[in-house]
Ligand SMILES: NC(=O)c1ccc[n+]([C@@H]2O[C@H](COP(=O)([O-])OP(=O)(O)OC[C@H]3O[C@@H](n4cnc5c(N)ncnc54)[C@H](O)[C@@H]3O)[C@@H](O)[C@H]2O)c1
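Take a look at this single chain, the form predicted on its own, given in structure tokens.
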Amino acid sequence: MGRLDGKVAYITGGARGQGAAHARTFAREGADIVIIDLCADLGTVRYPLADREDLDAVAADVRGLGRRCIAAVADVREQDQLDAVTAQALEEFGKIDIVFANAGIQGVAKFWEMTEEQWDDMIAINQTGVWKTAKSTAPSMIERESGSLILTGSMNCHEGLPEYCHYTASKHAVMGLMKCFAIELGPHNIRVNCICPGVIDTPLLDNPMNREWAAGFKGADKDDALAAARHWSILKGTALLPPEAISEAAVFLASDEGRYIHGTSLDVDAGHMVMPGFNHAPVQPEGFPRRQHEGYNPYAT
């Protein structure tokens, strides 16, 4: 018996990465699934996005687990496209119990070099797309006086990073949306929460651009990225976390086990947010000798 038996889960960005893991995990727990993805590349995103084959593969896995699945190509920036999928889900399944506003993109650029298109795409997908997803699906949950809305945040809901101003702004906004949605939907018995992942092993991070960004040098490979990722967590042996770590937390929030959790954020980051502050690349005085430290711990005695 699954923890989500009889539920219908609506997941954006479901063709790959975290969204695909959510769809498969929710299906294993008994939910029927609606997955949405753009299934196209964007000119402002310097790594390949999911395609229709990725979406269909996830749908096949869900059906292979004995669950029903709607797999739709739709853009979270377009309200009419989301509304069409919502209408299809309600017609076929009769309800939507869980909404996981997960679709998102990532990119790096110094804020003074960033193009307007880079800014606009990031905000439109990561921030406005969350609002449009909730706007599309909330009315049916309000009518039923039941539901769970989960938003994908980030460590950047809490902190900034260099070359990350558009991403950080979008994720701070997700936290604000969660709080406002929770205030408005709580009286309708709809729970709203945000999950803030740490560094997750998905194609969003595992690509040449982001391997180099994480490791800090050109030509970095996966092992270099893993070594860099270990600086982001405290738990022994952790580097990039598996996407299922987020899915498992989401199942808890969406299930009856999380029935009293509302209006909060859950950090799934292997301890990153409690790490002490440390400048990994301080600007040294001129003439200061450069030193290379492998695994250097500035707090060790």
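Numbers for residues come from their place in the sequence shown, where the first is 1. Model, not experiment: these values are computed from the prediction.
The form predicted in complex with this ligand exists for this protein as well; it is not shown, and the discussion that follows is about that form.
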### Query
Out of 90-98, 181-189, 203-211, 223-231, where are the residues with a heavy atom within 4.5 Å of this ligand in the predicted bound form?
203-211
### Query
Hey, in the predicted bound form, does residue 171 get a heavy atom within 4.5 angstroms of this ligand?
yes
### Message
Residue-level contact is defined here as any heavy atom of the residue lying within 4.5 Å of this ligand in the predicted bound form; does residue 105 satisfy this criterion?
### Response
yes
### Message
in the predicted bound form, is there a heavy atom of this ligand that lies within 4.5 Å of any heavy atom of residue 131, even though the partner is absent here?
### Response
no
### Query
Taking 4.5 angstroms as the cut-off for heavy atoms, does residue 77 touch this ligand in the predicted bound form?
yes
### Query
Though this ligand is not shown, can you say which of 270, 49, 70, 245 has a heavy atom within 4.5 Å of it in the predicted bound form?
49
### Task
May I ask whether 125, 154 and 199 each come within 4.5 Å of this ligand in the predicted bound form, counting any non-hydrogen atom?
yes
### Query
Since the partner is left out here, which residues of 227-245 would have a heavy atom within 4.5 Å of this ligand in the predicted bound form?
none
